[in-house]
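So this first bit is one chain, no partners, the form predicted on its own, shown in structure tokens.
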Amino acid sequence: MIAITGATGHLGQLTIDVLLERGTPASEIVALARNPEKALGLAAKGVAVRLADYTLPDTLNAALEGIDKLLLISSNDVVDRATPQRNVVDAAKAVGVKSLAYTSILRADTADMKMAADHKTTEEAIRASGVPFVFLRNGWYMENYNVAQAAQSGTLAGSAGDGRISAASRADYAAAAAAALTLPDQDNTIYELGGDSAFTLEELAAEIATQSGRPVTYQDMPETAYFEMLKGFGLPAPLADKLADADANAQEGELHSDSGDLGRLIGRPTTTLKEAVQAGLAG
């Protein structure tokens, strides 16, 4: 039995779709959701749905009962994701989950990005639990960039300078998660996942301009100014802070990976910059 946390989120739903497409029977997949009513579409596919809330430990042991492999999709709590994720790790150990895959971040154990701290803590908790693990250290997501908005405004803003970013699509990372859950000999494996080809934000802006037929330029900003701009767009301050920090750390190579792990794991080339921009402009 395979369980997916955060199953109603974008990555969770895509991972379940990939599992089904690759032949995993729906009867062997369990969708774990904080709000099971949002998982009716998954239930319609024959997938079992169970209540599981990271912040409510009492829901977790029952949710993981009988589960062999678990995908722990990282929480979207940017203030403290480590504590609720530790609840899931503790429950997995308590009920005897045989393998735990976790969506982490590039080089979580050594990265300087503020966003990496909770991932490092969670990885340490998983190691300490003794449950065999797979760390899916996901790089940046192509979907983090609103290319349609950039095409409309004529500006792509950031603080990444000429740092190269090995972004991949959400579908790429979902395929990697599905592979980690189904391929043999995955215990205690670490994958540094990123797109096959890296790009700068200036190159991204140029590709948006080419495909949209509109002038688009990259506006490189100091980290503090970018942080204020993100807050002005309505992002909570903790999230704006971590996004601006990640952009600044891109200049130091923290969003770049040439490991090739992602393409090898999913058995195909990763989504290209051209393809990602095309999808973004299509909506």
Ligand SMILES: NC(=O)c1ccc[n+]([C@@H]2O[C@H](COP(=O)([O-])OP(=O)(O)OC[C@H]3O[C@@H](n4cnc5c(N)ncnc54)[C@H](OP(=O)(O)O)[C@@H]3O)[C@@H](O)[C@H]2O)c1
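Residue numbers here begin at 1 and follow the sequence given. Every value quoted in this text rests on a predicted model; they were computed, and no experiment measured them.
The form predicted in complex with the ligand exists for this protein as well; it is not shown, and the discussion that follows is about that form.
Using a 4.5 Å heavy atom cut-off, which stretch among 134-142, 90-98, 147-155, 199-207 contacts the ligand in the model of the complex?
-> One stretch meets the cut-off, namely 134-142.
Would residue 75 count as touching the ligand in the model of the complex under a 4.5 Å heavy atom rule?
-> It does: once the ligand is placed as it appears in the model of the complex, residue 75 has a heavy atom within 4.5 Å of it.
Is there a heavy atom of residue 6 lying 4.5 Å or less from a heavy atom of the ligand in the model of the complex?
-> Yes, residue 6 lies within 4.5 Å of the ligand in the model of the complex.
Non-hydrogen atom contact residue 31 with the ligand in the model of the complex at 4.5 angstroms = Answer no; every heavy atom of residue 31 is more than 4.5 Å from the ligand in the model of the complex.
How about residue 50: is it within 4.5 Å of the ligand in the model of the complex, going by heavy atoms?
-> Heavy-atom contact with the ligand at 4.5 Å: absent for residue 50.
114, 120, 81, 164 - the one with a heavy atom within 4.5 Å of the ligand in the model of the complex = The residue in contact is 81.
Non-hydrogen atom within 4.5 Å of the ligand in the model of the complex for each of 22, 178 and 188 | Heavy-atom distance to the ligand in the model of the complex: none of the three under 4.5 Å.
Using the arrangement in the model of the complex, list in sequence order the residues of 33-49 with any heavy atom within 4.5 angstroms of the ligand.
-> 34, 35, 38, in sequence order.
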